[in-house]
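Before any questions on how it binds or moves, here is one chain, the form predicted alone, in structure tokens.
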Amino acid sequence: MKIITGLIIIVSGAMIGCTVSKNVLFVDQLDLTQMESGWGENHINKSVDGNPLKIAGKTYERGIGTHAVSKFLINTGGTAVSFDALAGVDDENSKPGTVEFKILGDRKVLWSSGIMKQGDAAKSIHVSLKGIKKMAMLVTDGGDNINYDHADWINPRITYSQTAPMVSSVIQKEYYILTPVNNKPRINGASVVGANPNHDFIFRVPVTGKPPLKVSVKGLPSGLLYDSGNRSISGKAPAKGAYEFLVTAENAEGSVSKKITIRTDKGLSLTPPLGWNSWNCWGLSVDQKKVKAAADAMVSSGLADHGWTYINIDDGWEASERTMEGELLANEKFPDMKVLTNYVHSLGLKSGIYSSPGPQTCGGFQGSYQNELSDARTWAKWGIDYVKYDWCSYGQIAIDQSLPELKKPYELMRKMLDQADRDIVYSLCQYGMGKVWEWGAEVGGNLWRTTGDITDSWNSMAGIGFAQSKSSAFAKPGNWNDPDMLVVGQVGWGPSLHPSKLTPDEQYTHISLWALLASPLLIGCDMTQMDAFTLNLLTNDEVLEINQDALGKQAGLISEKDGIQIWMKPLSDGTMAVGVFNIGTADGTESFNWDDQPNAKKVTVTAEELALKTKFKVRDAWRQTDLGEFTGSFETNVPFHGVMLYRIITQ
């Protein structure tokens, strides 16, 4: 295991400025960058949206505005006397929100507000901290899983018996690398590729190994050619049917071959899409230069050699006006979209774009409303391979939230895409409304968002990922549940980026869970700034193989006890992928790493849980190591908010 060490400052009672009394420390004087917020940014003396703090009609001058789920761990040093504050739901919520405030201390719940809702008067908090070494401020969503929870801490302060200590704790944060280097040739990616007959076809053969590598392709159907320069197969897809070809890769370490099948009778996206999307790093500041740089980085970093394919432009590319004929143009940030997509294709990659069925996109740009066929044809003319279709302003058009109204714009665009004479993967983005997983395939979607937007916090990522069991039965080749993009690496939703706020263990959980869920994997970071840890996260071929398995089954939750969840995904070769996750307990006490240590839990995984009656072998997917043969059960240690990901092979 390789360790990459960096420094992070952990909130620990460091004072900034002066307090009213020498023995009182106001929480807003601490480093609030370490305070987790479910959405947006925390603000001092303002709400999470930057407005005056206002609870039940009363305005407060001092406090912290945050968004549930919110967490803040403070090192009180064991010398604090008490914590005092008011707490309540901010009046600015656009829809009624419910929250629960908690004060924790040394793994115990010291105080709880009970469920609070918008309009409730602020509750007074006075909690003894005598003997408490660490306290935590926690705001939950009240158990409703509704993302409208703007919460305020009013005048939160810690009182000490003597002068408040000026303590600053800096600890080591270990970005540990698990995936070993493999110099032997390996052919990665999916074993099956979907296409429609006689449409343009492009497929980059993903191969890794110590260079120089010799890659050959035999048995391609008529109309397709292999280009050794960019390792891509292109041309016109063959007639309806299944076509198997052989890829062989050789280097000084050995030789390997793999059969890959082109299916022109099963539709597109027969395995979950792997690629990049501009939103989580660039937001509306995306431009042609950034997208071209992402494509270059996909190749130069080696990601393309592990099967990563799509370069997707999200919102912010559209011109403010259409042509006289109604054609949608790109704005000045994208001088020539056709040239850009041609460049992406020249690398053996695929190009994606974004729109909305409403008059405007989420960012206020031109949507596709009443121009659906024109836009589909424009995208086809540009060479687009993927479209994300985001509900946004269509809420102003829809009569109500009935299923026919939810389906209507997506059915319409599906018909238009079918007339565009190009293979375009169709991504429905409408945040899970109307249980879209039950009808997304019916309206022609290849993938559909099952949830609201993700952020780089544990509660956002885990709250989304571990809630996906409800949709698992509806995932299959060509139709995927989408719990949103990846939040690893440098992210920021605009021109200012920051390292993901997920800890290393949480990032391993993120990638492992999304792989088990057969989720589309769309990188959300700036790929030109990827460090070794992030690149390693995204290039473990045994983990990606779980995601890209041709059987197309989504993992389900098979066991949950004492903060440990076990998820299992059946694979096409008869083996199974199993993830063992340490997610913490429901009362919130295990939402924090009280010891600043890995805090691993010993877990016994039983054959009964896995529905096995015979001996079985266990392989660690991240470390790519065989652990041996077991009967009845095996034990593992799972780090705090971390995961152990296994492949189980029966005898």
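In case it trips you up, residue 1 is the first one in the sequence shown, and so on. None of the values given here were measured: they were computed from a predicted structure.
Below: the form predicted in complex with alpha-D-galactopyranose (GLA), not depicted.
The chain is drawn here without alpha-D-galactopyranose (GLA); in the predicted complex, the stretch among 393-401, 247-255, 446-454, 300-308 whose residues come within 4.5 Å of it by any heavy atom is 446-454. Only one of 362, 215, 260, 177 comes within 4.5 Å of alpha-D-galactopyranose (GLA) in the predicted complex through a heavy atom, and that residue is 362. Comment: alpha-D-galactopyranose (GLA) is not present in this chain, but in the predicted complex one of 111, 431, 334, 369 has a heavy atom within 4.5 Å of it, namely 431.
Among heavy atoms of residue 314, some come within 4.5 Å of alpha-D-galactopyranose (GLA) in the predicted complex. Using a 4.5 angstroms limit between non-hydrogen atoms, residue 279 touches alpha-D-galactopyranose (GLA) in the predicted complex. Within this chain, residue 485 lines the site of alpha-D-galactopyranose (GLA) in the predicted complex, having a heavy atom no more than 4.5 Å away. Proximity of residue 514 to alpha-D-galactopyranose (GLA) in the predicted complex falls outside the 4.5 Å heavy atom cutoff.
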